[in-house]
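Single chain ahead, by itself, as structure tokens, in the form predicted alone.
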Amino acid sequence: MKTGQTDLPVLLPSRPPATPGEWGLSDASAVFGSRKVLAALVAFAVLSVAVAEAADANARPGILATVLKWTPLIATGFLFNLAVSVASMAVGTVAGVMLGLGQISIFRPVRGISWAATQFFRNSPWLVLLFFAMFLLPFEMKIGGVTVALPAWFKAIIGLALPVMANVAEIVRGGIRSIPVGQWESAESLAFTRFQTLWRIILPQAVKRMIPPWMNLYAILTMATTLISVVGIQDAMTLTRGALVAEARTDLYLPLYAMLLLLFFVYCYPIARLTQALERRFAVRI
């Protein structure tokens, strides 16, 4: 044992790579979940068509043929919903990361403003924020003498990005705060600056804890994109209603909405399963 040396706090080593079993991804069912759940939903959609057929045996054309006729159009609207969800998530994530870092700033004004903005948008109804964005943002802006139009879909993306921003800010703040304070103290004892500590030590560990709730938020956002139909944007929900109006048949309500439900489920359910797998992989308990 050497003398004349003092013990300094040591940064904890990173977690060793997990075995394949820890990922929960040893087979495809770990990501896509139980086949029984998907089969049950498909069976529900098929049963909806069968019930509608039985209720109106004289319908022309048949229920199934009509549903298949409108499927490409509704699927196109669903792809538009996905595009809106990706764009809103990207904008909200970038703004949310900055807002979340602002909440841990050493400057009190920055910390206070970031906290107030986070709490306001996080606790406001998504539909109300969407209406504010649609009706308060101008139809066009002049930038350097050039007039730039702001279409409705762009304003819808901004409206959905606002609550996403606030929730991402909380995810970032919570992820950083979840790292033991000893990590900061150890880095400080090794002469790391605050920026170096945050960028090289804290964030690499916190990101692993942020990914599962971030993915869960994206799944929620994807399902919430149907709100844009309320403000007159042509998405999957709007096109489904249009198909029902065009056919003027009440027996199509259940089959068409069941098909729309199936589209969202098939897209969002694997995300939920992957989120659970990542929680097990990173040993995150939320």
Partner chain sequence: MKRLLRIALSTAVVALGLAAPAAAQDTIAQIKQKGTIVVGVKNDYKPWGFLDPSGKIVGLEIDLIDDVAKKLGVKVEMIPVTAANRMEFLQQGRIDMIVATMGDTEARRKVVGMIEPNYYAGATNVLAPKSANLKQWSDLKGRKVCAVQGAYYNRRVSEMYAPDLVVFPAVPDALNALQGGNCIAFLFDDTLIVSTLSGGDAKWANYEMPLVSEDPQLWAIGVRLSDLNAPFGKLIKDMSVEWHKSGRLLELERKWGIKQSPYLIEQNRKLKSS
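Positions refer to the first chain, counted from 1. Here the structure is a predicted model, which means the values were calculated and not measured.
There is another form of this protein, the form predicted together with its partner chain, and it is not shown here; the text below is about that form.
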- Message: Just checking whether F195 would be counted as a contact of its partner chain in the model of the complex - the rule being heavy atoms within 4.5 angstroms.
- Response: no
- Message: Using a 4.5 angstroms cut-off on non-hydrogen atoms, would I211 count as touching its partner chain in the model of the complex?
- Response: no
- Query: Is there a heavy atom of G62 lying 4.5 Å or less from a heavy atom of its partner chain in the model of the complex?
  - Reply: no
- Query: Are any of the heavy atoms in M98 no more than 4.5 Å from a heavy atom of its partner chain in the model of the complex?
  - Reply: no
- Query: Of the listed stretches (115-123, 163-171, 100-108, 69-77), which one has a non-hydrogen atom within 4.5 Å of its partner chain in the model of the complex?
  - Reply: 69-77
- What are the residues of 143-173, in order along the chain, with a heavy atom within 4.5 Å of its partner chain in the model of the complex? A152
